[in-house]
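Next comes just one chain, in structure tokens: the form predicted on its own.
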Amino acid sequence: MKANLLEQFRQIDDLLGVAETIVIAAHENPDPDAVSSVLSLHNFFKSQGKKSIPYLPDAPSKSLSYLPGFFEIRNEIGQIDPDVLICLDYGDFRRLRIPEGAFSCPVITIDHHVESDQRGEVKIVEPGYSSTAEIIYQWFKYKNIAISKELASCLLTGIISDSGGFRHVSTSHQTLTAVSELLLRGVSLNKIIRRVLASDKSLSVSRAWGEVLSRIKLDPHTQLAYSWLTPDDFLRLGVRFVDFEGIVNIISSGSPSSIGLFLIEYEKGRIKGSLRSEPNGGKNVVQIARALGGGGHPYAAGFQADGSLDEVLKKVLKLV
């Protein structure tokens, strides 16, 4: 473990040692790493007798309801005066949807996205890790915490999801060591993989995925594979934003250069884009996302933009 990370862990312990009330927040439209990272800390703090408030600005996918503490997640902060605010996995502070000046307490950030608009008295930004959950695992190890089966379930969910089932380039020997040690706690690897990576989807969600995948187009000049969803699609198909976590990975597989784009028009004229690539394709998608005001990793990034689907697509194609 790097010396600077050990020093940051010590600083976190100093802040948390006197804290009684802690808010734990992650980003809008939360993916499994965000949800499981929030719940791993939430369950740990509860076991220490602290008042813990897990906050996500949007409701997470019900496919993650097996995680302990799932039904304790709040989607509104309300009137709270915490001693510490912990912000996880967010990349850009705006994605937390916490009003500026809402809290006067110290802020701790733990994030595996590249440096962007992260904030805090302690700011851990480590893109070399597979997931935010893996960094939290390292903090538990530093503290000599006896990780329970419940905590292991949360941590494994985040690691498996954000490593793409160990397929992404950020998977390292330390990732697999962490997974091996967590499996010793009796968690079912098969169950987590089914829930976060694959096929346990409702009929309506499966049909929606089929429609998105049937729309995939390949731009002949850039070799970008792309698909999209409109506001009318959401109403017609009866699905939610979080139901499409991971679909861009499949879209990218349709490109000879392994670069994919999924555009969601969640409101008229408001677009969210997800980009994926692989090292063999030679495209650093975080550069594209940053040019559009977003962020992420070299091979997994996202952004939000105003305009029509066609307008945003043309901007992305030009950047590619």
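Each residue number is its position in the shown sequence, starting from 1. Everything numeric in this text was worked out from a predicted model, so none of it was measured.
Just so you know, the form predicted together with guanosine-5'-monophosphate (5GP) exists too; it's not on screen, but the next bit is about it.
Query raised in the report: Tell me, which of 12, 312, 301, 23 has a heavy atom within 4.5 angstroms of guanosine-5'-monophosphate (5GP) in the predicted bound form?
Result: Contact with guanosine-5'-monophosphate (5GP) in the predicted bound form is made by 301 alone.
Query raised in the report: Does guanosine-5'-monophosphate (5GP) come within 4.5 Å of any heavy atom of residue 195 in the predicted bound form?
Result: Residue 195: no contact with guanosine-5'-monophosphate (5GP) in the predicted bound form.
Query raised in the report: Does at least one non-hydrogen atom of residue 295 fall within 4.5 angstroms of guanosine-5'-monophosphate (5GP) in the predicted bound form?
Result: Residue 295: contacts guanosine-5'-monophosphate (5GP) in the predicted bound form.
Query raised in the report: Heavy atom to heavy atom, is residue 27 within 4.5 Å of guanosine-5'-monophosphate (5GP) in the predicted bound form?
Result: Residue 27: contacts guanosine-5'-monophosphate (5GP) in the predicted bound form.
Query - Partner contact for residue 283 in the predicted bound form: guanosine-5'-monophosphate (5GP), 4.5 angstroms, heavy atom - result: Flag for residue 283 set to no.
Query raised in the report: Looking in the predicted bound form, is guanosine-5'-monophosphate (5GP) within 4.5 Å of a heavy atom from each of 42, 74 and 97?
Result: Verified in the predicted bound form; spot residues all out of contact, no.
Query raised in the report: Which one, 253-261, 266-274, 50-58, 63-71, holds residues whose non-hydrogen atoms are within 4.5 Å of guanosine-5'-monophosphate (5GP) in the predicted bound form?
Result: Contact-bearing stretch, as computed: 266-274.
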